[in-house]
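Quick heads-up: it's one chain on its own, the form predicted on its own, in structure tokens.
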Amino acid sequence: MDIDDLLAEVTADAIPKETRDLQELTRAWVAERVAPELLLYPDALMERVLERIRKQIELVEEQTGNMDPKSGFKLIIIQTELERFKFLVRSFLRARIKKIDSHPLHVLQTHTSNPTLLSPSELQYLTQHQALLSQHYASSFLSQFPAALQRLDDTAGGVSMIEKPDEDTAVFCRALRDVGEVVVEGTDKRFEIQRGDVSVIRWSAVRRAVLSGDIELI
């Protein structure tokens, strides 16, 4: 650990917990909108943020109607902060739902191998949404096909029917730590990524570093 890491830890400890949660939520929101595939659901962060939103809503409801000018100004600040948190949460969840709708079978398959990918509500939405789609497809045209051709997740003949996100999508990212050599699969491109570097690179090349926290999407 170098001096920059030590200073970063000291600075992080000096930041209020609510501010750190807002920063983490903002990073998660940006990453979810930029990454081509669904990222892990930040369960602990979302639990803290949603609890904070609930308490702020209760506080606003209690102080609404108070004619004290000081209380009124404080209420405006609380409502502004509340709307900022609500916007980030809504946009974050919409980005995740869009990915679930785009690649439902892939997401379900990934969640089976990694149960932390989805929240309980997202998993319920996915299973019910996919059940409705399967029922619709079966009644519309799949029932007219031979039984062997009716599966939506068929992988026979080495060809998968499960549509996956494009892992070769280019993303903007910034290195939070020295990553070392990065190899772009399918090419002869090799280069070093050091702390502070900003790059445009294929998602597949930095996916592991992003999930480990060494690189953040921007």
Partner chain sequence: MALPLPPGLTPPEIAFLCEMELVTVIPRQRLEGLELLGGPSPPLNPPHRTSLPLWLALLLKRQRRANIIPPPWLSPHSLTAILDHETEHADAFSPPPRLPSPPPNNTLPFSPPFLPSSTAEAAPDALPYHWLELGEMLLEAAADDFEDPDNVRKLLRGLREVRMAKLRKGVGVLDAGGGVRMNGVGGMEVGEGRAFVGGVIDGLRKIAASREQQRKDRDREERENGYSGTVGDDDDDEMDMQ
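Residue numbers count along the first chain shown, from 1. Remember, it's a predicted structure, so these values are computed and weren't measured experimentally.
Keep in mind that the form predicted in complex with its partner chain is not shown, yet the notes after this line are about it.
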Within 4.5 Å of its partner chain in the model of the complex, heavy atom basis, the matching stretch of 103-111, 116-124, 133-141, 87-95 is 87-95
For the spot marked by 40, 61 and 208, is every residue within 4.5 Å of its partner chain in the model of the complex through some heavy atom? no
Closest heavy atom of residue 147 to its partner chain in the model of the complex, within 4.5 Å or not? no
Contact test in the model of the complex: residue 46 vs its partner chain, heavy atoms, 4.5 Å: no
So in the model of the complex, is its partner chain close enough to residue 160 to count as touching (4.5 Å, heavy atoms)? no
Is it the case that residue 192, even though its partner is missing from this view, gets within 4.5 Å of its partner chain in the model of the complex, heavy atoms only? yes
Under the 4.5 Å heavy atom criterion, name the residues of 22-46 that approach its partner chain in the model of the complex, in sequence order. 22, 23, 24, 26, 27, 29, 30, 33, 34
